[in-house]
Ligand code: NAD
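Listed next as structure tokens is one chain, alone, in the form predicted alone.
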């Protein structure tokens, strides 16, 4: 029997990048991944890819900052499958700028996607998890949940905030067998990171190669990017937990960048 046979796993931002890899991995181990994404066409394509391999998957349009859309998306999942067992709050974007120049609208957009999105999706899933006396919630943090980098004030703030949210949910959810954890990747070569390379090169006046070697990978132990597969390993580890023994903890997946 596969680890996640029949379990329903909502993954936000799952049409591409880390989220897509997590959804594919859940499907490969028997789960029914819900591809929740702003881009419904891309979400449908990922779901179709999973179904073509013999699995089940469901695509829902979800702007994680929209309370009504989040609530409807989760309600649609429960209406279709009767349950939601796992939530992976993964949707995120990046905007880089020095604090002195950071637009308030960009600050608010970043916090809305990373923090409001985590809160709204969690709240929408919790009543169903509590009723079933089972739930596994995993937030996508970052090494920036632990330390800071220049130009990333709202991102660092939000990723630190997810650790606080997970700790509260760990305490509140324990009596309902609901756990909460944060996976904190280093740099992964997703479209989000690829976009930052030329942006940081321009901001710092250095080459793109130097951005990679002197900024992104300089503190790793083997000058290696973290892979989507390595991040998915950590997510599935927390999602498979039998008890609350690890609840409230965060795990850094970063080739040695930031050691606890």
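Positions refer to the first chain, counted from 1. These figures come from a predicted structure and were not determined experimentally.
Another form, the form predicted in complex with nicotinamide-adenine-dinucleotide (NAD), is not on view; read the next lines as being about it.
Engineer: Find the only residue in 115, 77, 125, 188 having a heavy atom within 4.5 Å of nicotinamide-adenine-dinucleotide (NAD) in the predicted complex.
Structural biologist: Selected residue: 188.
Engineer: Which residue, 39, 220, 227, 213, is the contact with nicotinamide-adenine-dinucleotide (NAD) in the predicted complex, using a 4.5 Å heavy atom cutoff?
Structural biologist: Of the listed residues, the single hit is 39.
Engineer: Could you tell me if residue 179 has a non-hydrogen atom within 4.5 Å of nicotinamide-adenine-dinucleotide (NAD) in the predicted complex?
Structural biologist: It does not: once nicotinamide-adenine-dinucleotide (NAD) is placed as it appears in the predicted complex, residue 179 has no heavy atom within 4.5 Å of it.
Engineer: Does the 4.5 Å heavy atom contact test between residue 158 and nicotinamide-adenine-dinucleotide (NAD) in the predicted complex come out positive?
Structural biologist: Heavy-atom contact with nicotinamide-adenine-dinucleotide (NAD) at 4.5 Å: absent for residue 158.
Engineer: Spell out, yes or no, whether the shortest heavy atom distance between residue 24 and nicotinamide-adenine-dinucleotide (NAD) in the predicted complex is within 4.5 Å.
Structural biologist: Residue-level check for residue 24: no, no contact with nicotinamide-adenine-dinucleotide (NAD).
Engineer: Under a 4.5 Å heavy atom criterion, is residue 10 part of the interface with nicotinamide-adenine-dinucleotide (NAD) in the predicted complex?
Structural biologist: Outside the cut-off, so no.
Engineer: So if I measure heavy atom distances to nicotinamide-adenine-dinucleotide (NAD) in the predicted complex, which of the stretches 137-145, 163-171, 100-108, 79-87 falls within 4.5 Å?
Structural biologist: Contact-bearing stretch, as computed: 137-145.
Engineer: For the stretch 56-76, I need every residue with any heavy atom inside 4.5 Å of nicotinamide-adenine-dinucleotide (NAD) in the predicted complex, listed N to C.
Structural biologist: Residues within 4.5 Å: 62, 63, 64, 65.
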